[in-house]
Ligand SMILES: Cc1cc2nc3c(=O)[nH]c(=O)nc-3n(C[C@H](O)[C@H](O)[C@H](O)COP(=O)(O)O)c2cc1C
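A single chain comes next, written as structure tokens; it is the form predicted on its own.
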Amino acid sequence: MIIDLLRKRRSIRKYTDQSLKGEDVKILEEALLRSPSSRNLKPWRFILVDDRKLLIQLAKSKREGAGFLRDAALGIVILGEEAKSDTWIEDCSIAAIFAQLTAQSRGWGSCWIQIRNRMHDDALTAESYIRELLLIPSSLRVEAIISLGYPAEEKPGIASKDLPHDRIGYNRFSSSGKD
């Protein structure tokens, strides 16, 4: 059940050197392509990166928060066609979580790496760096990268009692979560 995956899923930033099986990657591809999008416009595109040299270069895409990509078995660069849909960010985000839940179901770890609105260095955006590295046309935006691989760290799921239940209101906004 999906709730079981959600209960176990955590961001994993340490991976073993084990590669992902071809048939499992095909399932991941299918999950990405089944991702819903507003008005079924499918403004997303995906680049699956398993080349070690490219993963090392992608790990340098921004100042912080991407270094662990160098040890991942696979990186999914999630692209959106801004001119095709005003909901490209949301549609790409949905695809990203589909990838992460599929990874969890296969026994892999995963982690979101935000790219849009992040800097590579003082002069270059992370998005521009990746666009140049992977020969991405200017008509596509880079939303994020999802790192994937077999986990080399264990993190327990977050207990229900530790969830921020006060963030939920019923029938109207409530700062306490209670009406």
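These figures come from a predicted structure and were not determined experimentally. So that there is no doubt, residue numbering starts at 1 and follows the sequence shown.
There is another form of the same protein, the form predicted in complex with this ligand; it is not shown, and what comes next is about it.
Of the listed positions (I130, L32, V49, C111), a single one reaches within 4.5 angstroms of this ligand by any non-hydrogen atom in the model of the complex, namely C111.
Proximity of R141 to this ligand in the model of the complex: non-hydrogen atoms within 4.5 Å are absent; the residue sits far from the partner.
For the chain shown alone, Y150 is not a contact residue for this ligand in the model of the complex, no non-hydrogen atom being within 4.5 angstroms. The shortest heavy atom separation between K14 and this ligand in the model of the complex exceeds 4.5 Å. Although this ligand is omitted here, in the model of the complex none of P36, K42 and W44 has a heavy atom within 4.5 Å of it.
Only one segment in the set 24-32, 53-61, 131-139, 112-120 has residues whose heavy atoms sit within 4.5 Å of this ligand in the model of the complex; it is 112-120. Residues K62, G65, F68 are the members of 37-72 with a non-hydrogen atom no more than 4.5 angstroms from this ligand in the model of the complex.
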